[in-house]
Structures are given as C-alpha cells and as structure tokens.
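Next comes just one chain, in structure tokens: the form predicted on its own.
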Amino acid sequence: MKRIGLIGIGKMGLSHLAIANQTPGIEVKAICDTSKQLIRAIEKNTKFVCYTNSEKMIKEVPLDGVMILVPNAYHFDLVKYCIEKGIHVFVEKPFTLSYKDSKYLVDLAKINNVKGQVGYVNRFNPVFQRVKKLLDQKAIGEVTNYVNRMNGGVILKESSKGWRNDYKKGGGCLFDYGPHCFDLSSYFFGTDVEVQSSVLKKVFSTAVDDLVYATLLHNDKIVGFNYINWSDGSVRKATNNIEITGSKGKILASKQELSIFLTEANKELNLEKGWNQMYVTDENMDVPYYLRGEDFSRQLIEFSDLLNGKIEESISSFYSASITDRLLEETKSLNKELL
C-alpha cells in the first residue's frame, strides 16, 4: 500500500480525495490546503493528518506520492519540490504554464527517477479509449484529417476580474479548455505535431481569449482543426466531440457514444459496411468507486499502478503533457495582440 498526500482541497481536490480514498493500492495519509477553516473542518471529521504548509507536510509525513491539485500558476514550484524529494507526482492539468518549465520538469523527473502523471481525464474515458484502439487497428484506414471541438458555458457575460481573465494565472479559454482539446488530439494522432495557424478571439473577456481556432499538423500528414469555445450559452456542461476522417471511413465520438462509418465491412473487428453505433455502456465501466464519472476513477487507478510498479509510464505522462503545453504556447504566440 503506497502512501500519498494531497495538496489543494478545492472543488477538484475534494473529488480526488474521495476517489483516492477508495482506490486500491494507495492510502491517503495527509492533506494540505491554505484554508485554515477548511483544514480544521477536515481534521475534526477525518483521520487525515492535516497541514496548511505543503513543504512541512512532505518533510514530516513519509509519502510515496503526492497529488497536486492547486491553481495552475503554482504547479511548477510544487512539482519541482516533490521531484527533488524523490516523490512521485500526479498534477492536475495543465502541467505548467510554460513549455520551458514543463520540459525542465520532464528532464528533472528522469534524473531523479520520479514517475509522473498529469490529469488529462479524457484519456481514461472508455469511448475515447475505444477510438484510440480503432485508430491503432486502422479501422478507418489512414487518417487524413479531423475536427476536434470543445464547448462550454463558462464566460457568458463581460468579465474583467479573476484568474480566468489573467494569462499569468492560467486564464483564458486557450489555457483552461485548450489543454483538454489539444491533449486529446495528441493522444489520438501523436506528439509529432505543430501548430499551422490559429486565431484567438475575445467575446466577453477583457484580457484573454474566449474562442480558439487552431489548425494542427501531425506527422506531416494529418491535418486537424481544433475549435474551443467557453462562451457558448447553449451548452450546460463542457462537451468534447471529435470527427475523424480516414481513407476507409469516418469516426464521430463524444464521451458518451461513438459512430463509425465504413466503406466496406471489417469482419475482423465485427463492423458492418455503413454506420456502426457504440455507447459508453457497451464498454467496461467497472470501477471501485464512482464519482464524476468512471474516467476520474480510472486515472487514479493508473496513478496507483504507477506507484506500485505495475506500469512504468502513464498514458498521461509528463512528456505528453509537455507537448500540450508547447502547442498552447505556439497557438498563443501566433496572436501577438493577446500576448
């Protein structure tokens, strides 16, 4: 049983705490948050050792791993500190706010033999994992292009305050929604990728973008259009949708369902000519604890497997997350007026 600590008990932190506490192979021993009121309440009602200073927690409690669930701007310093102490790390997305910082941490983790995982939960969604498998099996032949969309209703009126309106704190649609969208693209089509063009547009925000249009080129052959919008009032909850076109067909997928069109039947994969439909309920949804979706439980099972030596690298590794950070920087750098 590996001992872990959590740093940051906000909305996501509380969810991760509940899931981690029920994940086989890991045991939550300590938690840390700067809110003294919150810490007092948790300390009073749980068995966890509680701290308001993360360095003190790490020095005093023997830990195998740490989950870093704090605002984006604090990721680099905390991950660096844990790596230098030889502690394995799970950190929420984005990895850091700078590709230079992310690459530095990738190299530092290798030097210190530390394993890392970044919270890109889409990679653990059963439907998206099925899409990845179908692509690896060449079910639709050679992929030529795709359209990747993420929509949500986060900023729906004029906004000039708060971290969401500040790039230095990880604000803007690009740095909030963009990581999930770009990471899904590199998960499906590879990390040999560069930004060909991009447009960032303000709708309600005064200092950051609300809409992102970015064209990516993977392996010098797959062209992808990424559309990201956090000012869509028609969407109650953030949604991911992708349309992938290949030489033998097409895939349409969301977190809940997948449609695959084939120009000819594939008996080996039990797929008919024409449209085939699959749903998330057709996949293995067995997890030890369900909260927010099986995706979140699956990613913590992977972190447990990482700590316990069952796997050597996460499918959501520091390296793959650093590529997403590079794409974010490239997208922003093509729009000088928003720098």
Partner chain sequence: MMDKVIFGDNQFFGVNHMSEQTAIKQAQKFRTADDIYKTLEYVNDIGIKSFMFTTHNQLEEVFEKMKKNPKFDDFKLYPSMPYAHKYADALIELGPFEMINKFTPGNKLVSGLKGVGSVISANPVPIMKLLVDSEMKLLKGMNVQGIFLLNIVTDLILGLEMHDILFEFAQYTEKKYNVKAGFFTMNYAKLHDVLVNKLGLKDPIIVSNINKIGFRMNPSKKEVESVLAKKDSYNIAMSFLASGALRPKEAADYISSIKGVDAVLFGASTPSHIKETKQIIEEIFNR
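Positions refer to the first chain, counted from 1. Nothing here was measured: the structure is a model prediction, and the numbers come from that model.
As for the form predicted in complex with its partner chain, it is not shown, yet the points below apply to it.
Enquirer: Spot the stretch among 253-261, 196-204, 212-220, 133-141 with residues whose non-hydrogen atoms come within 4.5 Å of its partner chain in the predicted bound form.
Expert: Of the stretches listed, the one contacting the partner is 253-261.
Enquirer: Although the partner isn't part of this model, could you tell me whether residue 285 comes within 4.5 Å of its partner chain in the predicted bound form, counting any heavy atom of the residue?
Expert: Yes, residue 285 lies within 4.5 Å of its partner chain in the predicted bound form.
Enquirer: Contact between residue 247 and its partner chain in the predicted bound form at 4.5 Å, heavy atoms?
Expert: Residue 247: no, not in contact with its partner chain in the predicted bound form.
Enquirer: Can any non-hydrogen atom of residue 18 be found within 4.5 angstroms of its partner chain in the predicted bound form?
Expert: Yes - in the predicted bound form, heavy atoms of residue 18 and its partner chain come within 4.5 Å of each other.
Enquirer: Is residue 280 part of the interface with its partner chain in the predicted bound form - any heavy atom within 4.5 Å?
Expert: It does: once its partner chain is placed as it appears in the predicted bound form, residue 280 has a heavy atom within 4.5 Å of it.
Enquirer: Within 4.5 Å, heavy atoms only, which of 40, 273, 310, 59 is in contact with its partner chain in the predicted bound form?
Expert: Looking at the other structure, the residue within range turns out to be 40.
Enquirer: Can all three of 35, 74 and 77 be found with a heavy atom no more than 4.5 Å from its partner chain in the predicted bound form?
Expert: No.
Enquirer: Would you mind checking 19-58 for residues with a heavy atom within 4.5 Å of its partner chain in the predicted bound form?
Expert: 21, 22, 37, 40, 41, 44, 45, 46, 47, 48, in sequence order.
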